[in-house]
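First, one chain by itself: the form predicted alone, in structure tokens.
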């Protein structure tokens, strides 16, 4: 049996590092596979493979803040990085282009986000017509197969006219570029998109709900533990008290669970215990409100 058999192959290597390096490693993002995230990735792959047609499909990936939406999209982007330089267009081939809905949802700013994502010059003072012309010209040359727009709930920060204009812009981009549009947001994104029935019909919803205390949750905890570079097994998923404590403290929000377990792992390293125990987990939870 290999040393640190309770860990993944990557975590076994990290487990031999000095304490400071292991603690720094805990602060990094780590992908943990679980059924709902896998379903989301499969749906994104299905959409990416969709052939061009008159009305391209879309998707609204939603859930409350810190539930794991951005982690899924970042994983998808790593799976589909920019391709080789295209000698015909003079640009990198980008199949998946990701931007964020501006805090002030205006067409010019959204076009500006697209320009910056393509590493193209953009002056905020430029008029809408100029920015639109430049952005559409670039987008047609790059021809992304999917555009991802995060923080789409920011639409609600704009006036009714700004919301309508931004939503129509998403539809316009899909029609003009024959590409899939995927939007991400909190539950407020549902409100934003359902202000227009035609827009809402283009974006069927895919929810990332809070965790429930079930086998999927215990599987997620087991997978998370395999990534924690602790030299002793904690057996979190097998401990009814720890599973219940994690659910109670975090409210089943993925980001809170990640923070709690990472802080508990750090405490285990600093204390030389090298595993997470129920009392250590509770001590960490008592120091910070996660939910």
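Because the structure is predicted, anything quoted here is derived from the model rather than measured. Positions refer to the first chain, counted from 1.
Just so it is clear, the following notes concern the form predicted in complex with a small molecule, a form of the same protein that is not shown.
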| property | result |
| --- | --- |
| Partner proximity in the predicted complex: residue 64 to the small molecule, non-hydrogen atom cutoff 4.5 Å | yes |
| The small molecule contact in the predicted complex: residue 70, any heavy atom under 4.5 Å | yes |
| Heavy atom of residue 239 within 4.5 Å of the small molecule in the predicted complex | no |
| Contact label in the predicted complex: residue 230 to the small molecule, heavy atom within 4.5 Å | no |
| Residue (of 122, 206, 76, 220) lying close to the small molecule in the predicted complex, criterion heavy atoms within 4.5 Å | 220 |
| All of 17, 225 and 277 with a heavy atom within 4.5 Å of the small molecule in the predicted complex | no |
| Contact stretch among 243-251, 230-238, 31-39, 47-55 - heavy atom within 4.5 Å of the small molecule in the predicted complex | 31-39 |
